[in-house]
Ligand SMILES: Cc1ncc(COP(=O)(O)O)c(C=O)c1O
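A single chain comes next, written as structure tokens; it is the form predicted on its own.
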Amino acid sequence: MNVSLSPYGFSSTEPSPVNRMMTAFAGDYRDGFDINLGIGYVNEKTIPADLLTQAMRAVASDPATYRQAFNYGGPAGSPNLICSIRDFLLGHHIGGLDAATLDRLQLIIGPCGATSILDALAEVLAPGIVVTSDPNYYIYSDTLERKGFRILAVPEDSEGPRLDTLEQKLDALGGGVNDISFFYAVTVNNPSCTILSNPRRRALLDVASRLSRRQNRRIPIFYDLAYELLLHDPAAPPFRSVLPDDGLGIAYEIGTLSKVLAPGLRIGYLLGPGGPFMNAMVQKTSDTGFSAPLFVQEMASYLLDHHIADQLRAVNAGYREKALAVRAGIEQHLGPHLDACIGGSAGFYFYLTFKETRTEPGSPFFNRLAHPANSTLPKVIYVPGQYCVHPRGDLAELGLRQLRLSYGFEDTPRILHALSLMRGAIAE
């Protein structure tokens, strides 16, 4: 006798491919010995533990500013934090946003980081087709499909999803183009770390706007800025938001403080035009748990107001140094075996395409790096490209020769050692 499950519940009874892979691979992980290049954790050295302690004390000792900080909060988010994020966006010229644009938009705080905002989108928007890149944010794509959405994955070039391929895929939908639910673009793509160029960002808005006018309905486009504050390459042009140019009120930005302050704060926000959709998102936060923990929001507000400039500089300097060292290590150890290496300018991923080496679970390369617990060699964890591309998309075959490598969590010497082990695995 079984419990009756919803369609989403039934589809979730089997773990996702990434869930299965990471569970099997990390089941006997040896801390300090095995090397984790797969999990997208930030580097522990970038988390300002002393400042977090200072922020907690400041919030606890100032009940006039941080009112009832250890009680329930409002579902739209802490007024202090909302004000701090707006000041931060303006003061640091994030995306080129101006006061007039921010004044006409609404900013809300998610219940548990940016991921909770993504989850809420799938709850409040009608199921349909989601247009995104390929490779794509595989964790969210899998979630969307389990919730009844369909993915239209558009292969990317060096600037983001290819516009010619996008138009071809939209034309191929025929009448199905009316089933598009929303567009989703990660501005520093996870997994590939391809930077969505400013012209391509605007072009995607134009495509969504054109479809919206043609169908006489608003088709939203969401720009996920998860890694945008980690633009550490001085040669890369600054990002420019499309929000000032959004004439139809369909563009939204999803931001997070996880990568520059601490993932454990679980601060994610949504910025965009107010209206029924935003009202539904606020109600979803209320349904989830009234609000994000208020004292955590107030801590984030304090940190943004007092310490964010120095913290940003330190975090980006650290990741820049690691990116250059790991890029050199990739060239040294894997260069002759690669067709392509993308990343290293923003975020903390490299995306590798091998000439011949297959990387999926069960491949000789994968198995050679998955050393058992009694091995004298460390296990090396990475994310196979098989899980980074859409399984029914144009890149499914190519993904078998790809992998995502994170230089965020581990220290540089351990990453370089892992690269030498990869070279050995290819040789064997």
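Only a predicted model underlies this, so the values are computations on that prediction, with no experimental measurement involved. Residue indices: 1-based, along the sequence shown.
This protein has a second form, the form predicted together with the ligand, left out of what is shown; the following refers to that one.
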Among the candidates Leu105, Ile180, Ala114, Ile308, the residue which, in the model of the complex, approaches the ligand to within 4.5 Å (heavy atoms): Ala114
Contact residue in the model of the complex, chosen from Asn190, Thr132, Ser241, Thr285 - any heavy atom within 4.5 Å of the ligand: Asn190
Any non-hydrogen atom of Val186 within 4.5 angstroms of the ligand in the model of the complex: yes
Distance check, Ser209 to the ligand in the model of the complex, heavy atom within 4.5 Å: no
Partner proximity in the model of the complex: Lys169 to the ligand, non-hydrogen atom cutoff 4.5 Å: no
The ligand contact at Ser78 in the model of the complex, heavy atom, 4.5 Å: no
Interface segment, criterion being heavy atoms within 4.5 Å of the ligand in the model of the complex, picked from 354 to 362, 337 to 345, 122 to 130, 255 to 263: 255 to 263
4.5 Å heavy atom contact with the ligand in the model of the complex for all of Phe88, Ile94 and Glu228: no
Partner contacts in the model of the complex for 136 to 155 (non-hydrogen atom within 4.5 angstroms of the ligand): Tyr137
